[in-house]
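Before any questions on how it binds or moves, here is one chain, the form predicted alone, in structure tokens.
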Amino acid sequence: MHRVLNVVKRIAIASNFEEAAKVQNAILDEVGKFGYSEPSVFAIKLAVEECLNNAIRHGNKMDESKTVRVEYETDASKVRIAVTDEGGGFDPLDVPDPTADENLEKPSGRGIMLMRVYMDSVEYSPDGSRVVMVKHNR
């Protein structure tokens, strides 16, 4: 029996949305090779987009001289994606619940909520500058 070895792919991009879209497409191409279901692909697309947008907008403050580092590995059972920005980090517990009545009109917090809903696991580094997401292929 042949075993497929996971290769961690690493990409560093400038803090801009065009570069982020290229990374997102590379990850989606990779999960496509492993036959991920449409709901899983949709979940990964949405979570990666939100995560990269947060890293660029909130972490690196749209400063294109700062980089966003992405690592991902995929096999037939799961994809693991890590995104690290050069910002000062944050505490995800300090982000207000976007579904609370007093926050419904506020634009912040929705990306984190969507990442948690669509991925099987979302974990932050202690300083909040790195997030690791996992989605299992179902």
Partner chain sequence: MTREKNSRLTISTEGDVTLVELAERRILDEVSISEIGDSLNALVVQSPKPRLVLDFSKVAHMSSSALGMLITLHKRTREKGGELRLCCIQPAIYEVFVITRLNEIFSIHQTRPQAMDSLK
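Numbering follows the first chain given and starts at 1. Since the model is a prediction, treat every value here as computed from it, not as a measurement.
Although not depicted, the form predicted together with the partner chain is the subject of the following passage.
How about Asp101 - does it come within 4.5 Å of the partner chain in the predicted bound form, if we only consider non-hydrogen atoms?
Residue-level check for Asp101: yes, a contact with the partner chain.
Considering non-hydrogen atoms and a 4.5 Å limit, does the partner chain approach Asp94 in the predicted bound form?
Contact with the partner chain, no.
Taking the shortest heavy atom distance, is Ala76 within 4.5 Å of the partner chain in the predicted bound form?
Contact with the partner chain, no.
Does the partner chain come within 4.5 Å of any heavy atom of Arg57 in the predicted bound form?
Yes - in the predicted bound form, heavy atoms of Arg57 and the partner chain come within 4.5 Å of each other.
Decide yes or no: are Glu50, Gly111 and Tyr118 jointly within 4.5 Å of the partner chain in the predicted bound form, with each residue judged by its heavy atoms?
Verified in the predicted bound form; spot residues all in contact, yes.
Hey, which residues along 22-53 are within 4.5 angstroms of the partner chain in the predicted bound form, non-hydrogen atoms only?
Counting only heavy atoms within 4.5 Å of the partner chain in the predicted bound form, the contacting residues of 22-53 are Gln24, Asn25, Phe42, Lys45, Leu46, Glu49, Glu50, Asn53.
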